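Take a look at this single chain in structure tokens; it is the form predicted alone.
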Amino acid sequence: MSSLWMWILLACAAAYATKIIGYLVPAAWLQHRLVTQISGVLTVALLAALVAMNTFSGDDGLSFDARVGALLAAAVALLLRAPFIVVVLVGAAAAAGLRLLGVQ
């Protein structure tokens, strides 16, 4: 068995152990007001960090390309209270249009 497969199996075991530990947390802890507030804020923060990393990261540092325009177009659609699928389609269309115009 190669070293790669050992790391894959170790990652699977860690993910499974994390899931089992989550089931073992007492329900009273999860219903606490502070835990509810932190989990809501943490979810939004992690999603924002994921969007920022995928939008502005390039091969060698920061990158400003069609993804930035797509993010801005999607943000405008969100401000106009468009449905989620419309926001996604506006972002995709903006990225495609900018790439068609030569913005890499």
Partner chain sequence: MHDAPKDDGRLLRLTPAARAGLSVSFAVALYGLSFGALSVASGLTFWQTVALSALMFTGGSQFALIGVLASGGSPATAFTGATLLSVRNTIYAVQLKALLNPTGLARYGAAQVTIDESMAVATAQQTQAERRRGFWITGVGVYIGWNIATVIGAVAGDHIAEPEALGLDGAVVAAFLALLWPRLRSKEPWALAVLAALVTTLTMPAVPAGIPILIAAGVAVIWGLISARRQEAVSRA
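The term rigid core refers to the most C-alpha atoms you can superpose between the two forms while keeping them within 1.5 Å. Positions refer to the first chain, counted from 1. Everything quoted here is computed from the prediction, not taken from an experiment.
Keep in mind that the form predicted together with its partner chain is missing from the display, and what follows is about it.
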Any non-hydrogen atom of Leu101 within 4.5 angstroms of its partner chain in the predicted complex: no
Contact set, 60 to 99 vs its partner chain in the predicted complex - heavy atom within 4.5 angstroms: Gly61, Leu62, Arg67, Ala70, Leu71, Ala74, Ala75, Leu78, Leu79, Phe84, Ile85, Val87, Val88, Leu89, Gly91, Ala92, Ala95, Ala96, Arg99
Rigid core superposition, Leu10 Cα moves 2 angstroms or more between the shown form and the other one: yes
Core superposition between the shown form and the other one, C-alpha change of Ile20 at least 2 Å: yes
